[in-house]
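Just one chain follows, in the form predicted on its own, and it is written as structure tokens.
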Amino acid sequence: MELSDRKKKILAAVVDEYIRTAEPVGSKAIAQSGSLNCSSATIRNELAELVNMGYLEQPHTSAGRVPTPMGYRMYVNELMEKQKLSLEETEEINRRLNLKLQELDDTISDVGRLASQLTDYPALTITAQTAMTVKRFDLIYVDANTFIIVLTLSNNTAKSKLVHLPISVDQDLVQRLSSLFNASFTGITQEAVTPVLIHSTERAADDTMGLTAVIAAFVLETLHEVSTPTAFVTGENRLLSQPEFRDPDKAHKLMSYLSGGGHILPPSEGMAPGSDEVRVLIGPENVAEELKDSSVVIASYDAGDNTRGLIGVVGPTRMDYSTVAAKLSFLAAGLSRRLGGGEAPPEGMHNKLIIKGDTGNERR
């Protein structure tokens, strides 16, 4: 059912007031705000209908209303005003970002600490190489029982392994395997290194020593290692300042999940090259059970060298989404320009902001 303009205004007023006070919102508070030209009785009727429609809920019979995840989603997608950072705020973010990158050796963990300080919520930063492959194989024969595997990766870094064998191996076999791996295993992702490919290479090399399996295992281990996201969590104790997490058990559950490196996005999401959107996940939209009573706001940045990153903050569903999204968007844009080799966003510039939820609706 489509919401009327008046219902949308009342829903927006409830969310704004609840974000500000963390207390259930009554019709009197909305009427006193002066944002609506209607009586308290009309507002009460509209609030009751919004409860019946699932956008609001009433914790107690005599209490005011609070937004539901469905209400927050409507607010994020259609109702909230896009926050614009002031000149002073953008100057401060750029100053502190420069300071962090210069003093603390550009570490992603310190970027997360900055995000946590700017938003006053716990922050999670993630980096991952995208579509990593092996560019070149070098198999170096040392002696009858030893050879070295050297992998040159698509980002021009190298990984090596010294292999000791309990049996003697022929140098010609090592050379054949080097040629076969360069022909069949270069430029392919981890998923393409299949048992069928390994077995066919073993037969082509006439390898009865099991060297093919040893080399392929190192390839899989290396590609998995360089493609696994590196996550840093900071500011978990900031949850304790939020009224929703005054319950020690509830706070401990979420803090333990974040400290343990819990994922805030499905593995297939969030690292797409060129993505400039800000994702907002509200309550039940989150993938983890530990996040079902929380909201997550995430921005993506380009770290250069075929590396993508995410900056996310976790907090109560009563989050000031617009302000948080604006700060993360600006911070991510600044990181993309610095780490990707460009310039920082100019002071006063308001970055393009796309807020997208599971409904597929977008606001620009």
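From a predicted model like this one, the values you see are computed outputs, not experimental measurements. Basically, rigid core = biggest C-alpha set you can superpose within 1.5 Å across the two forms. So that there is no doubt, residue numbering starts at 1 and follows the sequence shown.
Below: the form predicted in complex with another copy of the chain, not depicted.
J.: Looking at Arg136, His199, Lys84, Lys292, which is the one with a non-hydrogen atom within 4.5 Å of another copy of the chain in the predicted bound form?
T.: Partner contact (heavy atom, 4.5 Å) among the options: Arg136.
J.: Note which of Thr228, Gln175, Thr194, Ser256 lies within 4.5 Å of another copy of the chain in the predicted bound form, where distance is taken over heavy atoms; exactly one does.
T.: It is Ser256 that has a heavy atom within 4.5 Å of the partner.
J.: Quick one: does Asn145 come within 4.5 Å of another copy of the chain in the predicted bound form, counting heavy atoms only?
T.: It does not: once another copy of the chain is placed as it appears in the predicted bound form, Asn145 has no heavy atom within 4.5 Å of it.
J.: In the predicted bound form, does Pro166 have a heavy atom within 4.5 Å of another copy of the chain?
T.: Output for Pro166 is no: heavy atoms all beyond 4.5 Å of another copy of the chain.
J.: With the partner left out of view, is Ser160 within 4.5 angstroms of another copy of the chain in the predicted bound form by any non-hydrogen atom?
T.: Yes, Ser160 lies within 4.5 Å of another copy of the chain in the predicted bound form.
J.: Does another copy of the chain come within 4.5 Å of any heavy atom of Met80 in the predicted bound form?
T.: No, Met80 sits far enough from another copy of the chain in the predicted bound form that none of its heavy atoms falls within 4.5 Å.
J.: Where does another copy of the chain sit in the predicted bound form: which of 84-92, 199-207, 279-287, 146-154, heavy atoms within 4.5 Å?
T.: Among the listed stretches, the partner-contacting one is 146-154.
J.: C-alpha of Glu88: shift of 2 angstroms or more between this form and the one not shown, rigid core aligned?
T.: The answer is no, as the C-alpha of Glu88 shifts between this form and the one not shown by less than 2 Å after core alignment.
J.: Has the Cα of Ser154 moved 2 Å or more between this form and the one not shown, judged after a core fit?
T.: Indeed, Ser154 is displaced by 2 Å or more.
J.: Given a superposition on the rigid core, I'd like a yes or no on whether Val214 shifts its C-alpha by 2 Å or more between this form and the one not shown.
T.: Comparing forms between this form and the one not shown, the Val214 CA shifts at least 2 Å.
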